[in-house]
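Take a look at this single chain in C-alpha cells; it is the form predicted on its own.
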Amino acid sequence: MEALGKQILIELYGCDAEQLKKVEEVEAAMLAFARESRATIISSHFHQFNPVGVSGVILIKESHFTIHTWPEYQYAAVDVFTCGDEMDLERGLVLFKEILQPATVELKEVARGKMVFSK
C-alpha cells in the first residue's frame, strides 16, 4: 500500500553509557547516520541534560532524525521519518550501529499517511 512517508523506530540497548552521556558524540553519530543515509540536512539541534542524557533533532529535507538517550539504562531511542525513496536508511544504520555498538537493536517501520491513498 502506498504511503506519504515511513517512520522507523529504532531501539538501541546495551550501548556504552559514557558515549550516550556526551552530546558531541551523540550528535556526531546522528549526523553520520543522516549523511550516510544520503539525507539532505537542513539543520540540527542537540541538548545535553544534567545530570545525564542527550536529546537531539536533525531536520532534513525528507523530514527528520531524532534521538533521546538514557545512559543510566544504556539505552537510546531513535526516530527517523522520511518522505520519498531517495534515502538509503539501511546503509546509514549500518554505520550508526558501528559507532554506538549496541548489544541489541530493535526496529519497527510504520507507513505514514496511508489513508490518503485508500480513498
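Position 1 is the first residue in the sequence shown; the rest follow in order. All values reported here derive from a predicted model rather than from experimental measurement.
Unshown form predicted in complex with another copy of the chain; subsequent notes refer to it.
- Taking non-hydrogen atoms only, Ala28 never approaches another copy of the chain to within 4.5 angstroms in the model of the complex.
- Contact check for Asp79: a non-hydrogen atom falls within 4.5 Å of another copy of the chain in the model of the complex.
- Within this chain, Cys83 lines the site of another copy of the chain in the model of the complex, having a heavy atom no more than 4.5 Å away.
- Shown alone here, Val57 lies within 4.5 Å of another copy of the chain in the model of the complex, counting heavy atoms only.
- For the options Val23, Val105, Val110, Leu95, the residue carrying a heavy atom within 4.5 angstroms of another copy of the chain in the model of the complex is Val110.
- Contact annotation for 62 to 77: residues with any non-hydrogen atom within 4.5 angstroms of another copy of the chain in the model of the complex are Ser63, His64, Thr66, His68, Trp70, Tyr73, Tyr75, Ala77, listed in sequence order.
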